[in-house]
Structures are given as structure tokens and as C-alpha cells.
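What follows is a single chain, given as C-alpha cells, in the form predicted on its own.
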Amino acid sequence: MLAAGLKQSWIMENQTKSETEPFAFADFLALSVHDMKNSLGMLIGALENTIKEARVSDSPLSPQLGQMEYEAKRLNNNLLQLLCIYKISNRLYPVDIQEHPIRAVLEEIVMQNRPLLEFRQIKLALDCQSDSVWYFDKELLSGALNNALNNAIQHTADQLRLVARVADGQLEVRVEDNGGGYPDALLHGVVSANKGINFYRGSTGLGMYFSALVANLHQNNGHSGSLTIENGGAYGGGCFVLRLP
């Protein structure tokens, strides 16, 4: 969905641009990322089919196969985030903020991550009222939360918690784990998309940057969304906290 929208807008924009001005280096990089993402998508499809066939035949699944699928999907998400950041930076991404049932959106995100959660034997608790609604861009929010869950799956011991509550005029969504938590050097309060991101446990910080950008794109009555990271929560590990006005 998000990928399809980015692909269509990418083609339309660059067909027009090619007639009026030469590609900038950023355009070349974005096109290259798009091609890589297409190839990676084919690899992910092949891995998923192999895993399905193994399950149907009751063949034992190699841990390496599951790790390959996890890393391929993580890389695919990173490439998608790069494309989205490119579109947003060039004011080409059509932000679509509408009213959505919060729990239904979160359940969809959980289902997308269910195979990996089961493979890693990680329990996920979902805490959200069934009748809550809020205004947000569904695709952007889903991208930010999928990234947060991806990181949490990588660093948790065996439990995750996805929580969403409306309080004080904001929607607060939390991803909590029972891992070792964020290093003290990174616990600096609000994560800003305008200040650059520190490296997080060997990561480039792309996911945090993308999520902060998503938060900033949600504005209402002079208030912008925010992203914070902290340690604690219900499990005492890392907490990814996204707030939308």
C-alpha cells in the first residue's frame, strides 16, 4: 500500500522531471533504491514460499532460514523508509490524515509481524480499547510502528507490549520490550527529525529518523507529534513512545 503509492508517485514525478531538468544525485539514489527494493521483494517472496513448503511437509525449519527472512524484511523496510523520506523531503508524499479505528490498525500491524513473532517465540500483548478512533496517516503510522516492532523483536528477551491510549488531547502509542533497554547515552528525551540521530546498537538510526519525521508530519492546532525513547514500562526494557496530536 505505502510501497504502491510511493512507486506510482515516483514514476509520475520523474517522468515529468526528466522532460524539464536532469536528475539530481538524490534522484539517482532514489531510483537505485527502488530497483533494489524490487529485487529484494522477489527474494522475500521466494523465502516465504520455501518456509511455507517446509511447514506443509512438516520439515524442520532451519534457524538460519528464519534469520534470512527476518534480515531481508528488515532491509526491505529500510529501503522503503528511504524512499518515503525522499518523497517527504521533496514535498512529493501525499500525507493522508483520516479518522481510523486505532485497535483495528494495530491488529493489522500485529498480523503482519505474527510469523516472525512465532518464529522467534516472542509473546506480544496488545492493549487498546476497541472503540477508540483518531486522525492519522495510516500508512505512515504503520511504517513507524512496524519499524519499532522490528527493533523490539531484535532486542527483546521474549515479550513485547503494544499499547495505545488517548489522553490529554493526544494519541500515545507505545512499543515496550523486556530486553536490556536503550543505552544511557541515547536517553535524551525527544527524538528530532531535524537534528540527526545517534547510532542505536549498531544501527544507522534510519528507523528513528523516519519515525520522528512521521510524528512531525502530524499537526493539529499548532501542536506537532513527537517521538521519545525511554526505559521502563510494564516490562522494564526499552520503550518507543509515539504521540500524535
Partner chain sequence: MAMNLKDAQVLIIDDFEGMCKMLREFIRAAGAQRIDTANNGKDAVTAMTKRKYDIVLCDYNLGEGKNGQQVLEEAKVRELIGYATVWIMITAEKTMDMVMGAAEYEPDDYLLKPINEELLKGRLERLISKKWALQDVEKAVKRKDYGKAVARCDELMKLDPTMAQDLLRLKARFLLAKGDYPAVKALFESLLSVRSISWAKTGLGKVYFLSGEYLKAKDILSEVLEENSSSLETYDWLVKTYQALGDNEQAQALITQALALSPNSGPRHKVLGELANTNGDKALAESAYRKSIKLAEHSILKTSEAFTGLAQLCTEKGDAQEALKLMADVRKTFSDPVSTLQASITEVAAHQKLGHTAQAQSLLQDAERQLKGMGSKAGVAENLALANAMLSLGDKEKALMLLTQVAKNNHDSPAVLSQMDKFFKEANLQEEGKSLIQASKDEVIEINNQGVRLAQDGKLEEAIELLRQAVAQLPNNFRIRLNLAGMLLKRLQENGREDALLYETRKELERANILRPGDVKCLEYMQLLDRLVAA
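Just so it is clear, the structure is predicted and the values come from calculations on it, not from any experiment. Rigid core here is just the name for the largest C-alpha set that superposes within 1.5 Å across the two forms. Positions refer to the first chain, counted from 1.
This next part talks about the form predicted together with the partner chain, which is not shown.
A.B. asks: Which one of these stretches, 76 to 84, 147 to 155, 160 to 168, 119 to 127, sits within 4.5 Å of the partner chain in the predicted bound form when only heavy atoms are counted?
C.D. replies: This holds for exactly one stretch, 76 to 84.
A.B. asks: Of L65, A185, A54, A46, which residue is found within 4.5 angstroms of the partner chain in the predicted bound form when only non-hydrogen atoms are counted?
C.D. replies: Result of the distance check: A46.
A.B. asks: So in the predicted bound form, is the partner chain close enough to G41 to count as touching (4.5 Å, heavy atoms)?
C.D. replies: Yes.
A.B. asks: Quick one: is D96 in contact with the partner chain in the predicted bound form, heavy atoms, 4.5 Å cut-off?
C.D. replies: Looking in the predicted bound form, residue contacts with the partner chain include D96, since a heavy atom lies within 4.5 Å.
A.B. asks: Would you check, heavy atoms only and a 4.5 Å threshold, whether E71 touches the partner chain in the predicted bound form?
C.D. replies: Flag for E71 set to no.
A.B. asks: Heavy atom to heavy atom, is N220 within 4.5 Å of the partner chain in the predicted bound form?
C.D. replies: So N220 counts as contacting the partner chain.
A.B. asks: Within 4.5 Å of the partner chain in the predicted bound form, which residues of 98 to 118 have a heavy atom? Give them in sequence order, or say none.
C.D. replies: If the 4.5 Å heavy-atom criterion is applied to the partner chain in the predicted bound form, 98 to 118 yields Q98, E99, P101, A104, E107, E108, M111, Q112, R114, P115.
A.B. asks: Any CA movement of 2 Å or more for G181 between the shown form and the other one, core superposed?
C.D. replies: It does not, since the G181 C-alpha is displaced less than 2 Å between the shown form and the other one after the core fit.
A.B. asks: Rigid core superposed, CA of T50 - does it shift 2 Å or more between the shown form and the other one?
C.D. replies: It does shift by 2 Å or more.
A.B. asks: For L217, is the C-alpha shift between the shown form and the other one 2 Å or more after core superposition?
C.D. replies: No, because once the rigid core is superposed, the C-alpha of L217 moves less than 2 Å between the shown form and the other one.
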